[in-house]
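The structure tokens that follow cover one protein chain in two forms, given apart as structure 1 and structure 2.
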Structure 1
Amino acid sequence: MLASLRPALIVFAALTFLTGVIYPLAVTGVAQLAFRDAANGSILVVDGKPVGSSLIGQPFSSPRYFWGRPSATSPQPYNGGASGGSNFGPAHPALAEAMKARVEALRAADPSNRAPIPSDLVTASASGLDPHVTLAGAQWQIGRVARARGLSPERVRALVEEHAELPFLGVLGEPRVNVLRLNLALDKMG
């Protein structure tokens, strides 16, 4: 019996070593060589201190900053441990109330802006962690941010355009802006 178990145990040990040690080390090595930033969490550093990841949204509420997409995670927004949407359907009263409250907050923060509010500013993403807003979502906020910082809207618009990311392959998705990167660039402006 031991003679028939021995080859199975040897194959088991070899495959465990191959798939549990060699393969993870190889993948980690390739990731560190070819995709170092992404493999390490895409952490953004300012003055030697990490301020966040460019892959996970952060809550901004000051009128001096661009605001990202709402987050449906709990107990706090952009909680990576609770990633996911609210699971409310489009006709659910709680979703309608949440969107109404978000529209009211955006209008209260910039009462002079009567333009239609882009949908991504009032709807959470499926993950609740989205670090981007659409280019339209960022442009909608230019007036508020410019007034709060004492900058010209043209200067802020130029900064938004500078940070715009084009759709993947020019057709997949729509132009977007990473909110944390944009806000860090804004802080450098003054």
Structure 2
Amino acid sequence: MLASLRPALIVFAALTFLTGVIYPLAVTGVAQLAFRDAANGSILVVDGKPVGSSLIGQPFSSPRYFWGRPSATSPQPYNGGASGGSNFGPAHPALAEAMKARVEALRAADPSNRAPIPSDLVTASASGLDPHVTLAGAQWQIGRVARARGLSPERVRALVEEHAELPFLGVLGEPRVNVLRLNLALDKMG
């Protein structure tokens, strides 16, 4: 083993330098030149001010906005500094309790809406930062948002359709809407 020590040290040092220094610097260099925006967090800018990232969800609670997925991050939801899911098992009593509370909150915000609630609106995402809801999840909220803003449901529905992202070639991705982008568009409409 001692005879192996010298070559082991040399090879370790050389590969560390190559993969731990040269490689990340090279990737950074090319990425910063070629994909400046994407490599720096895909920041959304409105009127010259950063308002968030198009890839990272934000918490919304006003009826005037579309709400995103429940978030299990701690201490506050959508804590970008500490991502994570609830990790509750499917039969955990706390999960059943949280689901019930979320269903009640959605129903209370829009009592006239009797449609079953799309599952993504009441389940915590894996990252706690999910930027999307399903297209069904956005459509379910149209009535509430339109009423709170005094807009016609048709106008809000059209805006949702405009922001719908559909599976690429019918295979890659799921029907979804970016909540932050949709809400920014709503604010722009007035």
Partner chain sequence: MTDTSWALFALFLAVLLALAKPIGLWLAAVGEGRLPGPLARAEAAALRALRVPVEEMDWKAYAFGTLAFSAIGLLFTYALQRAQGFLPLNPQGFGAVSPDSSFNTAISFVANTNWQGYGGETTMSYLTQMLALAVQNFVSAATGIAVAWALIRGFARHSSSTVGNLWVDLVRATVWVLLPLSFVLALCLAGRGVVQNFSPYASVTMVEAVAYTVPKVGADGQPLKDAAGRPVEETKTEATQTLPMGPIASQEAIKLLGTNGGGFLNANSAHPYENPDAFTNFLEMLAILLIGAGFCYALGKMVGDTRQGWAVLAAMSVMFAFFAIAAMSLEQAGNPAFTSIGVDQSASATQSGGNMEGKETRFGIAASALFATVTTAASCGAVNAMHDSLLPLTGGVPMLLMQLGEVVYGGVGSGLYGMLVFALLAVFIAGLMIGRTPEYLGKKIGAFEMKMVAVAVLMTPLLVLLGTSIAVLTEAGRVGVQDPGAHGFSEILYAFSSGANNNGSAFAGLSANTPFYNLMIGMAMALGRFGVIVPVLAVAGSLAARKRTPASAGSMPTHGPLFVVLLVGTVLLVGALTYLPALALGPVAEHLALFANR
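Take the two forms, superpose them, and find the largest set of C-alpha atoms that agree within 1.5 Å; that set is the rigid core. Every residue number counts along structure 1's sequence, beginning with 1. Everything numeric in this text was worked out from a predicted model, so none of it was measured.
Undergrad: Do you reckon the form predicted in complex with the partner chain is 1 or 2?
TA: Pick structure 2; the other is not the form predicted in complex with the partner chain.
Undergrad: Could you check, with the core superposed, whether the Cα atom of R36 shifts 2 Å or more between structure 1 and structure 2?
TA: Shift at R36: 2 Å or more after core fit.
Undergrad: Going by C-alpha fits of the two rigid parts, what is the rotation of the smaller one between structure 1 and structure 2, in degrees?
TA: The smaller domain rotates by 21 degrees relative to the larger one between structure 1 and structure 2.
Undergrad: Relative to the superposed core, what is the Cα shift for A8 between structure 1 and structure 2, in Å?
TA: It moves 9.0 Å at the C-alpha.
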